[in-house]
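Starting off, we have a lone chain in the form predicted on its own, written out as C-alpha cells.
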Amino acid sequence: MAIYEPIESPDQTRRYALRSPVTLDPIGELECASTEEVQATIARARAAQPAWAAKSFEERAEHMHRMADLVIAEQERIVETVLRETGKPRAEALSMEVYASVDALVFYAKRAAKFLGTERRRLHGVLGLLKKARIVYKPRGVVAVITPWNGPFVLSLNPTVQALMAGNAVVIKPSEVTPYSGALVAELFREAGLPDGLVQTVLGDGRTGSDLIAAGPDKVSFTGSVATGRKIAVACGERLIPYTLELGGKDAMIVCRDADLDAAAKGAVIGSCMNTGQYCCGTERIYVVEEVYDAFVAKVVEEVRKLRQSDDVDQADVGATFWDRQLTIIEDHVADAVASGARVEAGGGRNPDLKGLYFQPTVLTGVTQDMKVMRDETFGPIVSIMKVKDEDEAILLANDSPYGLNGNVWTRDAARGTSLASRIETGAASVNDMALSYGVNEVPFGGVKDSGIGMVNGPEGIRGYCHAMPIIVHRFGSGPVSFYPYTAKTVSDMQQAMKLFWGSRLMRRLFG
C-alpha cells in the first residue's frame, strides 16, 4: 500500500493522500500549491526581506531565542507531528528533531554576528600601504529551502535559521511525504513573532519544487537524492541561481586490527540502524581487517539482536521505513546480496509481526564490492560487513564509490586513525565514533563526488547565504590615478617596480 497516492481532481488541481507508515491508515489529504501560488509566495518573501535585513544581528538573534523557547515549550507538538508522518522512535524524534533544532537556533543566534560581521582583510605588499580592504557579507534575498523526509523538522529548520540570521527571507518546500513537519517550522516561526512573509511554506510534489525554482529565488538549499539534486542543479544553472546540494551517501566504516571491538560493534549498529538507517551519513559499508573480523561480526550480531522494533514509538529502537518506495529498494538490495552469496546473520526481511512498513534490522556478511548493498544507497537498517586483508585495502574499497559524504575509522591509535580518515575520499570523517559532522555546528558539512556541492553549517555554511562583497578603500586622498593616460615612463616605472619588489627572494618575502 502506497504512503503517497495522487488523487484525481476534476478541476486540474493536483491533490494527494498520505498514509501512516506505522499503521497504513490515512493521515491527510493535501493540495499542491499552484504555479501562481508559488510565485505569490516568493513575492511576499521578497517584500518582507528588506526590513528584516535592516535589523541588527542582535535583533535577529532575539527572534531566534524566542523560537528556541517556543520549540522547547511545544516539543510534544513537534514530536507528535513527526511521529505521525515517520513512525520513528520517540527518543529519535526528540533528539534529532527537537534537541538538534534548539541547538541550531541558539548556536547561530550567538555566533552569526561573528561569522558575518564586516571583516578586515590585510592586503599584501605595497598595496597594503595604499589600500585597506573590508569584506561585507550581504544577504542574498529570498532563499528556497527544499527538504527531505528523513529529518523533516530539523532539516527544514536548520538551514532556515542560518538564512534568517544572514538577513534573508525563506520559503520552505518540504517533502511531499512529510509536509506537516516542514509546515510546522514556518508556523512556529510566525508564532514566535517573525514578520509576515519572512518564513513561508509551499506544499506539493516535484512540480511544486520546479515552480519554486522557476519563481526566481536568490539561493536554493536542497537536501535529498542525487537524482533530484542533478535536476535542481540544471534548473538553477539555467537561471544562474546559487545553490547548495546535500545529497546521498554510502558511508564507509573501517575497523582496524587494534580497534576496541565492543565500541566498534556498537558504533556499527547505531551508525547503520539509527533513524531506521534513513539518514544521509549513515554507515552503509563496513570493512573489517581479517584478524578481528569473526570477533567483530559476533559482537555486531549480539548488539542487533538486542534492538527492539515496534509500532509503539515509546518502546522502539528501530522504527518504520518512512516511505514504501524506500522499502522496495531495501528489499531489492538484500535480495540481490543473498542471491549473490551473502549470508543473513540477523533479520533479513520485513517484520511479519507488524502491519506497517517495518524492515528488520539486518546483518549481512560475505558481501562483496559489486553487490547493490555495497554500491547503491540502501537507506535502511542494514549492517553490511566485508572482510579485508588490511587497512590499506579498506581505504581502497572505501574510495571505490561514487559517493563521498562521511565515514569513520575505529582504532586505539587516534593519530593513526586521523591519518587513515584523511585518506578517505569523503566530505567528513570521524574517528572512534559514528558520523557526527552534521550535528557539530562549528564545522562545515558537505559531500564530494555524487554526495553534493557546497557546504552547510559552520561559518562556511552561513556565509553561503550571503554574497561576500569586498570594498577596497584608498588610504590617502582620491587615489593614485596619475599613471593614466599611459606614457613611456609608465612602462619604465612598472618594470622598475617589479625589479624592486620581486627581483630578489628577500624582497619577495617582504612584499609578496
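This one's a predicted model, so the numbers in the text were calculated from it and none came from an experiment. Residue indices: 1-based, along the sequence shown.
This protein has a second form, the form predicted together with a small molecule, left out of what is shown; the following refers to that one.
Trainee: Might Lys173 be said to contact the small molecule in the model of the complex, defining contact as any heavy atom within 4.5 Å?
Mentor: Heavy-atom contact with the small molecule at 4.5 Å: present for Lys173.
Trainee: Can Leu247 be called a contact residue for the small molecule in the model of the complex at 4.5 Å between heavy atoms?
Mentor: Output for Leu247 is yes: heavy atoms within 4.5 Å of the small molecule.
Trainee: Can you check whether Glu97 is within 4.5 Å of the small molecule in the model of the complex, heavy atom basis?
Mentor: Glu97: no, not in contact with the small molecule in the model of the complex.
Trainee: Is Lys231 close to the small molecule in the model of the complex, meaning a heavy atom pair under 4.5 Å apart or at it?
Mentor: Within the cut-off, so yes.
Trainee: Would all three of Gly209, Cys280 and Glu377 be in contact with the small molecule in the model of the complex, where contact means some heavy atom lies within 4.5 Å?
Mentor: All of them do, each having a heavy atom within 4.5 Å of the partner.
Trainee: Which residue among Glu345, Asp205, Asp311, Glu303 has a heavy atom within 4.5 angstroms of the small molecule in the model of the complex?
Mentor: After the contact test, the surviving option is Asp205.
Trainee: Tell me, which of Thr147, Asn168, Ser272, Thr426 has a heavy atom within 4.5 angstroms of the small molecule in the model of the complex?
Mentor: Selected residue: Thr147.
Trainee: Can you tell me which of 350 to 358, 294 to 302, 149 to 157, 110 to 118 lies within 4.5 Å of the small molecule in the model of the complex, counting heavy atoms only?
Mentor: Answer to the contact question: 149 to 157.
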